[in-house]
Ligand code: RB5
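Given as structure tokens, the chain that follows is alone and in the form predicted on its own.
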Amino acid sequence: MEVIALGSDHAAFQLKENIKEYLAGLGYQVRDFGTTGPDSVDYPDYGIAVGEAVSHGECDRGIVLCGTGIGISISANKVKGIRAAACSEPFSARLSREHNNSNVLALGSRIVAPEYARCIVKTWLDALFLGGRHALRIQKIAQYESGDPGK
């Protein structure tokens, strides 16, 4: 069973809870890294926690949420090996998997309604990395990330 790491700030707490329930209904195991309520918190804490869990192999993929999905995706992307994509519609979510092999999806609770967020999540979960020329591009990113700027 695939394990999905889930984390959000206070602005996206309710949407995180909605997505958690949805994922469980689809048969995924969910590890919730917080937050646990609507009190103000800092989104980097949760983006980084989810990124670390995915990067270290504790979870297969992750979903992070904040007001726009942008701040928490930037935070998750600071973790080595994370390719977080902030998506506000299914087409980008699918391509983020097919072309970029994204391993973390970021959503904005102030951008997408819960039902639409579920559609985006399902599309992202079902999409597969296409490899080929896309794999070469991902390798270049990983090479740079490891400290080798390449050419």
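Quick caveat: nothing in here was measured; it's all calculated off a predicted structure. For every residue, the number given is its place in the sequence shown, counted from 1.
Just so you know, the form predicted together with this ligand exists too; it's not on screen, but the next bit is about it.
> Looking at this ligand in the predicted complex, is some heavy atom of each of Ala85, Asn103 and Trp124 within 4.5 Å of it?
No, the whole trio is out of contact, none within 4.5 Å by any heavy atom.
> Consider Gly67 of the chain shown here, and say whether it contacts this ligand in the predicted complex, taking contact as heavy atoms within 4.5 Å.
Output for Gly67 is yes: heavy atoms within 4.5 Å of this ligand.
> My question is simply whether Ala11 lines the interface with this ligand in the predicted complex - judged by any non-hydrogen atom within 4.5 Å.
So Ala11 counts as contacting this ligand.
> Answer yes if any heavy atom of His56 is within 4.5 Å of a heavy atom of this ligand in the predicted complex; otherwise answer no.
His56: no, not in contact with this ligand in the predicted complex.
> Determine whether any heavy atom of Tyr43 comes within 4.5 Å of a heavy atom of this ligand in the predicted complex, and answer yes or no.
Answer yes; at least one heavy atom of Tyr43 falls within 4.5 Å of this ligand in the predicted complex.
> Pick from 26 to 34, 95 to 103, 46 to 54, 59 to 67: which stretch has a heavy atom within 4.5 Å of this ligand in the predicted complex?
Among the listed stretches, the partner-contacting one is 59 to 67.
> Looking at this ligand in the predicted complex, which residues in 103 to 138 have at least one heavy atom within 4.5 Å of it?
If the 4.5 Å heavy-atom criterion is applied to this ligand in the predicted complex, 103 to 138 yields only Arg110.
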